[in-house]
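Below, in structure tokens: the form predicted on its own, a single chain.
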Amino acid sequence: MKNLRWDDLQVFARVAQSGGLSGAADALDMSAPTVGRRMLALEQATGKSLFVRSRTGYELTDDGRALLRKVRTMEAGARPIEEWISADGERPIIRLSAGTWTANFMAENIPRIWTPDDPYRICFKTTEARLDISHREIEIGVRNRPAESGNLASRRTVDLGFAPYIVRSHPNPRESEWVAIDPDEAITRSARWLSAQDSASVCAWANTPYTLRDLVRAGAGKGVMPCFAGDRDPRLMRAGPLITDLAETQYLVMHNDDRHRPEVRLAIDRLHTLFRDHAALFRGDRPIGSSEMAEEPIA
């Protein structure tokens, strides 16, 4: 192996993340042909084929995925050095990952998490997918299960309830059809739940939680939402009881080393307090409306 450069590995990681040359080129402020040439040079330097190239983009080979894991490890190792270099002039950034609904709740309560006088800054990573805490893609993740590896730690926060919701002005809540997340985009348990209901008639699909909510608000039908989201929306009401199959517990997950950093510990404590202060809302104990349908939970 000859002439393997760290900056080429960083470009490689960006191409892998974006799935193609154009996205990587935009992010790196380079031309797509330049990025392509550097990836060819990297393959020549490693002696391995890293991508399957097609009209739809660049897909990693097995060797490419193996290299990406190693690059992520190198990035994680370099991060403390970067923070040490910039410590005198910049406050550290705490990257916080959560799903759409939870990120929205946290953003609405940002003064409970962060103030301008704090010794850190906040970067929200809103995604239904899980980012890699082990390799320090983020500092804190809000998840529906505790840490599953030795280098991660977790802290339990609240129990979550889910229910169907419908717009208050809907003319016939009992006979309404469902609005669902497209099965190809259904990552979470709540998004997949409707697909397993044989009797469910779906009239519209969405690829994001917010689009689902917008369809429900517009009167297209009823949709499944976490209670802390649906019960905070004055335009919506419950279209049925709690869905017991979807009940879950929420955790804060963080790297076992990073959780001892003062700024990360402060953010963890504030998030934990915020969620616990709203435990009844998250459980679904505070509905602001009901369509007067059955009170028994949906199993």
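Residue indices: 1-based, along the sequence shown. Here, rigid core means the biggest group of C-alpha atoms that superpose within 1.5 Å across both forms. Everything numeric in this text was worked out from a predicted model, so none of it was measured.
Below, we refer to the form predicted together with the DNA, which is not included among the displayed structures.
Chemist: Is there a heavy atom of P33 lying 4.5 Å or less from a heavy atom of the DNA in the model of the complex?
Modeler: Looking in the model of the complex, residue contacts with the DNA include P33, since a heavy atom lies within 4.5 Å.
Chemist: Can you work out whether R38 and the DNA are in contact in the model of the complex, taking contact to mean some heavy atom pair no more than 4.5 Å apart?
Modeler: Flag for R38 set to yes.
Chemist: Could you confirm whether G57 comes within 4.5 Å of the DNA in the model of the complex, counting heavy atoms only?
Modeler: Yes, contact at 4.5 Å.
Chemist: S22 versus the DNA, in the model of the complex: is there a non-hydrogen atom within 4.5 Å?
Modeler: Answer yes; at least one heavy atom of S22 falls within 4.5 Å of the DNA in the model of the complex.
Chemist: Sort through R53, R235, H260, K70 and report the residue having a heavy atom within 4.5 Å of the DNA in the model of the complex.
Modeler: None of the others qualify; the residue that does is R53.
Chemist: For the chain seen here without its partner, which of 270 to 278, 57 to 65, 42 to 50, 242 to 250 has a heavy atom within 4.5 Å of the DNA in the model of the complex?
Modeler: Of the stretches listed, the one contacting the partner is 57 to 65.
Chemist: D233: CA shift of at least 2 Å between this form and the one not shown after core fit?
Modeler: No; that C-alpha moves by less than 2 Å between this form and the one not shown.
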